[in-house]
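Next comes just one chain, in structure tokens: the form predicted on its own.
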């Protein structure tokens, strides 16, 4: 693992997810890299990568999901920005900051302030739906860009090429603020359960290490709103918005992330049972990204069924609060899948066959999960 991360390190101060396919700095990738650097015992690189991630942050607090520090102006025609993209990603920096503090490696006060500002942008400036949930401006913001949860937003049903065109067009319909910060997208008025869960979780995490009671209060309000999105019939949290009665109900792994902040025992038991069940999400190489009984499940297709190490890591954190034994099992299977895949970007949940870019640095989360087995 050390060699992979050394090979991926670039002079600008971060680990490129994959030096060939993904040379730029991605927001939530780098947050997970910080955790791997901690596990490797490299305080300097953990703190440098976290700080570099905030370089393109705007005055509003908005943190772009891609930092183009290696080639300013790259994709400026798409984003209208030189230093970064015009959308964000799950704000995993709240958890990254908290983990460094817990490790005795507190980031500089300035970096912590950047993290607080980033979360406050989402909590205070981003548009919300009538239920109080934060609206995504683009499926890329959720990290799960080809998830079957968005299929209703693809005309004539999901097709990967057609969906790629839709995603490009959605960039042009985002409504922005004074510094170009994304506030709302009327063409994609979806409030995803997983995205909101990660905002609430990271706000809570950051609130544990900073004197900001407002963050914890906002996290509690989002959590309460998420409770109302639980479907007992489907055994999952349902997205709010126009997909709520259709594809927003598809059982995906990211839709179970509200377990990170929801403490109700009955819902927790239902989720844990599904994660362990080989007919649902359970797999010898880690939890599948889509419930196996869903018609859209495909164990080899991008965001349609494979194991994604960052989601598996988050699921382990969520389950650990309710069943340490189940969490240890999920950690073991994910670690086995990561090694079998050659540390791939994602992999088949049954065979561990590597998919996407190989190696991909966030698969280093296997090292972090190995500590929890």
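Residue numbers count along the first chain shown, from 1. Predicted model only: the values in this text are computed from it and were never measured.
Not on display, but discussed next: the form predicted in complex with alpha-D-glucopyranose.
Exactly one listed residue, out of 54, 28, 313, 68, brings a non-hydrogen atom to within 4.5 Å of alpha-D-glucopyranose in the predicted complex: 28.
Proximity to alpha-D-glucopyranose in the predicted complex, defined as a heavy atom within 4.5 Å, singles out one entry of 223, 89, 185, 296, which is 89. Between 324-332, 54-62, 40-48, 302-310, the stretch whose residues reach within 4.5 angstroms of alpha-D-glucopyranose in the predicted complex through a non-hydrogen atom is 302-310.
Interface membership of residue 143, defined by any non-hydrogen atom within 4.5 Å of alpha-D-glucopyranose in the predicted complex, is confirmed. Within 4.5 Å of some heavy atom of alpha-D-glucopyranose in the predicted complex lies at least one heavy atom of residue 17.
Although the partner is absent here, residue 9 lies well away from alpha-D-glucopyranose in the predicted complex, with no heavy atom inside 4.5 Å. If you take 350-372 and check each residue for a heavy atom within 4.5 Å of alpha-D-glucopyranose in the predicted complex, you get 360, 362, in sequence order.
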